[in-house]
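Given as structure tokens, the chain that follows is alone and in the form predicted on its own.
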């Protein structure tokens, strides 16, 4: 396994970092989703990082995508906006590209790559979070369409999305199956609640999405009836890799900020970088970043070689989320009272980081998955 970047990957990484710093760090956009920034990043072309060229994409590898998303997380300080972008790419657009028919891909993918339509995924319900397959959203097949009824909760991008990948229960031969559908916000019966107020990630809107007798065209079924579990697991595998790849870049950004501050800040007539209590925290940050990056590229290598990475993405999600929170906590400690002030932006980093131990499956659920998959290796 070669860990060196190609010239093309290094060039893409540099381009994304430069673009992000110049166009995606407007302070007035930290608390709300910015369509201006969305239009900017759409022009960069990153939405189509793994989409075939025939649909306007870049047709890059999983490894190159990992490089790109890590760079985005490093260059863009607006963690909520990066979260919105990743939701659009990995669990909206890419799921349609992977499981949709040619008709569906022709209908939706070019506009999603161009940023004209925004994607989201709708799995979670008020009473079905970690127990995703316990969902109550129901789907009934008729002669000419499917009819969906139900409510999805805590849907990231919900207020701005035009296209939803929605999961529901459908009875086939007296057996309950899980199926996935592409649902447009414009379909009659689709409604979104007021945007939820959250602790962090403010620039990624979240809401409840309701479906009341929504008629879904037959062609908007993803895969086949009964493929829903496979599609959901695929979406979670992608999500747990690439929505956390950006956190590797964010940790790098926070660490560099701490190094700079430690060299400038003086106490007892010397820079605080002379104190082991400070430098050991930074050393621990570097260890966490390095281990996270190695696992990220292992997962990308597995996917490029058409291998499963479900166990590895659970390990990655667990390790990166806890590392990211730890890095932000130590950064605030290094900055002292200044770190608690909004001016230094670390309190926002901390608030944004805390959510990552919950979304994409709580860390407790990741430990269950890691144990279950690991224990079978000994059978």
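Positions refer to the first chain, counted from 1. Owing to the predicted nature of the structure, the values given are computational and were not obtained by experimental measurement.
Separately, the form predicted in complex with a small molecule exists; it is not shown, and the next lines address it.
Stretch 123-131 is the answer when you ask which of 252-260, 219-227, 123-131, 108-116 has residues with heavy atoms within 4.5 Å of the small molecule in the predicted complex. For the options 83, 211, 244, 90, the one in contact with the small molecule in the predicted complex, meaning a heavy atom within 4.5 Å, is 83. Listed residues 72, 139, 155, 161 were compared with the small molecule in the predicted complex; 155 is the one with a heavy atom within 4.5 Å. Contact check for residue 362: a non-hydrogen atom falls within 4.5 Å of the small molecule in the predicted complex. Shown alone here, residue 17 lies farther than 4.5 Å from the small molecule in the predicted complex, counting heavy atoms only. Taking the partner from the other structure, the small molecule in the predicted complex has no heavy atom within 4.5 Å of any heavy atom of residue 170. The closest non-hydrogen atom of residue 368 lies within 4.5 Å of the small molecule in the predicted complex.
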